[in-house]
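Given as structure tokens, the chain that follows is alone and in the form predicted alone.
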């Protein structure tokens, strides 16, 4: 099964932004944190801008900033803004006439709904500030600056 790293990459970017909330970071700078192309960064966080999680400005001194304080941004909001499904499977029909697919959906759909609800509840209680604090604690323990990450 292929792992979707979009949420983890986005969280990586947002933790760096939360570390320096007053400094706008360009797509180029953010791309270096996750070893990708700036276009990928812009596509990935466009939904975050639409949700008010980040803001952007163009021109000299422009870039991306958090749209609000990290303690007011939940992981559930981030996931929703990205349009991510966090479970490794979906029960959306792809071949409605397939009897095997119908059986799989019948057996797994209640489980999927319950798992998504539980996951959403948990993610709504974790904020970007929680992630940033843990990141800071870990790097303070080993004496590494966040700029080295």
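For clarity, every value in this text was computed on a predicted model and none was experimentally measured. Positions refer to the first chain, counted from 1.
The protein also exists as the form predicted together with a further copy of the same chain; that form is not presented, and the subsequent description refers to it.
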Notebook entry, point to check: So, 85, 104 and 108: all three within 4.5 Å of a further copy of the same chain in the model of the complex by heavy atoms, or not?
Noted result: yes
Note to self: For the interface check, one of 64-72, 23-31, 92-100, 50-58 should have non-hydrogen atoms within 4.5 Å of a further copy of the same chain in the model of the complex; which one?
What the structure shows: 92-100
Check: Quick one: is residue 46 in contact with a further copy of the same chain in the model of the complex, heavy atoms, 4.5 Å cut-off?
Finding: no
Check: Within a 4.5 Å heavy atom cut-off, is residue 42 in contact with a further copy of the same chain in the model of the complex?
Finding: no
Notebook entry, point to check: Does any heavy atom of residue 123 come within 4.5 Å of a heavy atom of a further copy of the same chain in the model of the complex?
Noted result: yes
Next item on the list: Scan 14-51 and write down, in order along the chain, each residue with a heavy atom lying within 4.5 Å of a further copy of the same chain in the model of the complex.
Entry: 15, 16, 33, 34, 35
